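In the form predicted alone, a lone chain appears below as structure tokens.
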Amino acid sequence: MRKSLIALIAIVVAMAPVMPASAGHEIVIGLQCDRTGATQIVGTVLCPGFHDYIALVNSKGGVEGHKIKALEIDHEYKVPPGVEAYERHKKEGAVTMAIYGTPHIYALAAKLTEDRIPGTSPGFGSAAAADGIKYPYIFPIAATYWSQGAAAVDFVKKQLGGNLKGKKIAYLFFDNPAGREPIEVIEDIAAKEGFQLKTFAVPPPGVEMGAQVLDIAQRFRADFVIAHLFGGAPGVSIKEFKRVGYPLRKVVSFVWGAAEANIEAGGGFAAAEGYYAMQFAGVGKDYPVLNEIREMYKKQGKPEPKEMASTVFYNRGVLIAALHVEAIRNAVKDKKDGKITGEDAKKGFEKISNFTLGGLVPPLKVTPQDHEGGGLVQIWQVKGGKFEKVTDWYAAYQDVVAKHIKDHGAKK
């Protein structure tokens, strides 16, 4: 009887499907959002894009059979709730952190290093963190504010005929750590190129800047304006420049004043005709990964998400999620059970190479030394009721940016 029982157990075991040891193991990403608060114009679109990409990955079986769980916390673009969100995500076992906000990156830099968890800050944060040796757990993975400042000056130079000597350039910025970040690089380039730079600070929350714009247009008489505003402020700037008669074709915005929502807040595409905007991800709906997301919703009998219409911020959400997934994928290749650590994910980020996401981003290469990935941007212009691409991917004054990265110690 005992022999029969053993034989029966052997048959049952042989017939049972072989399940991987790690089946059901979820890999957690901590996602900080700003669906409410001063910059909610971003989070209400960017975060749904992030979740949709994760859903797409999971609909295909996850990463090497492991599902991804993106835990979102809304911190309202306030630092204390951001730090609290980080701690909650850490407790939930997050192996990567999608941080949101330059003040937040500064507040969390030491914690990320201490806990050995990689945090991303695409298109914002500490520009010095491009140096992966000094800042091993921060990944800008897109053009930092230093690279954006350099690219903006290069664009202005081309618009003004290739020579900036004696020209007047205004820098209109949101007066917080993010807004102040690029000033030192732009000042260096001003000395190199011989143009007069004047800075104009806009106090938070950035809803009033009539005096600054009037000063730029009528007293300083700027040949060109580089604007670095976010939240509701870019829309206010468009309205104010229109009000004083300053041509918007002489304004180029950093990446956070570059979305459809910013244009709509400024009076719409017709009102903002001529306005230049910098991007670190492609604009529009015609990318393979977006087609896949639409197809996923179609199979579920649902229409495409309304957020997809705001392509600038939505596409960035998709891109940021994809970079986290790519880092996790690289890490899981070395640990098949999926039980990766923050340290494994960090190394996964540093193995990202020739990553384009079907043309949504320039070919991105991250290394242990370079956590920025090249600092490439495109310029798009409001033209004929839509965004029109003006430049290909490019980076500028890389020698100046590299000097600042090298010279910059840990910024407290």
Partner chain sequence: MALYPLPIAKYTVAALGVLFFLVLPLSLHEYYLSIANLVWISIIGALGLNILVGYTGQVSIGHGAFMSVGAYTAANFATRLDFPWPVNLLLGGLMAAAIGAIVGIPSLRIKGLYLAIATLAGQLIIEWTINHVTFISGGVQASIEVPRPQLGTVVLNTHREMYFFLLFFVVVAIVGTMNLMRSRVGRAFVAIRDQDIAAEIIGINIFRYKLLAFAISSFYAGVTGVLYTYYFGIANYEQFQIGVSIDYLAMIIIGGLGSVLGSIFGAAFVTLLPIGIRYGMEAVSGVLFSEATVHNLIPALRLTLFGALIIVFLVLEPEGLNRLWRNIRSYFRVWPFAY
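Values in this document were obtained by computation on a predicted structure and should not be read as measured data. Residue numbers count along the first chain shown, from 1.
Although not depicted, the form predicted in complex with the partner chain is the subject of the following passage.
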So, a 4.5 angstroms cut-off on heavy atom distances: do all three of 83, 110 and 114 pass it with respect to the partner chain in the predicted complex?
yes
In the predicted complex, the residue from 176, 212, 310, 330 that sits within 4.5 Å of the partner chain by heavy atoms:
176
Scan 292, 264, 87, 273 and let me know which has any heavy atom within 4.5 Å of the partner chain in the predicted complex.
87
Wondering, does residue 74 line up within 4.5 Å of the partner chain in the predicted complex on heavy atoms?
yes
Quick one: is residue 184 in contact with the partner chain in the predicted complex, heavy atoms, 4.5 Å cut-off?
yes
Does at least one non-hydrogen atom of residue 335 fall within 4.5 angstroms of the partner chain in the predicted complex?
no
Consider residue 287 of the chain shown here, and say whether it contacts the partner chain in the predicted complex, taking contact as heavy atoms within 4.5 Å.
no
In the predicted complex, segment of 95-103, 163-171, 231-239, 249-257 with a heavy atom within 4.5 Å of the partner chain:
95-103
Even though the chain is shown alone, can you say which residues of 118-136 have a heavy atom within 4.5 Å of the partner chain in the predicted complex?
135
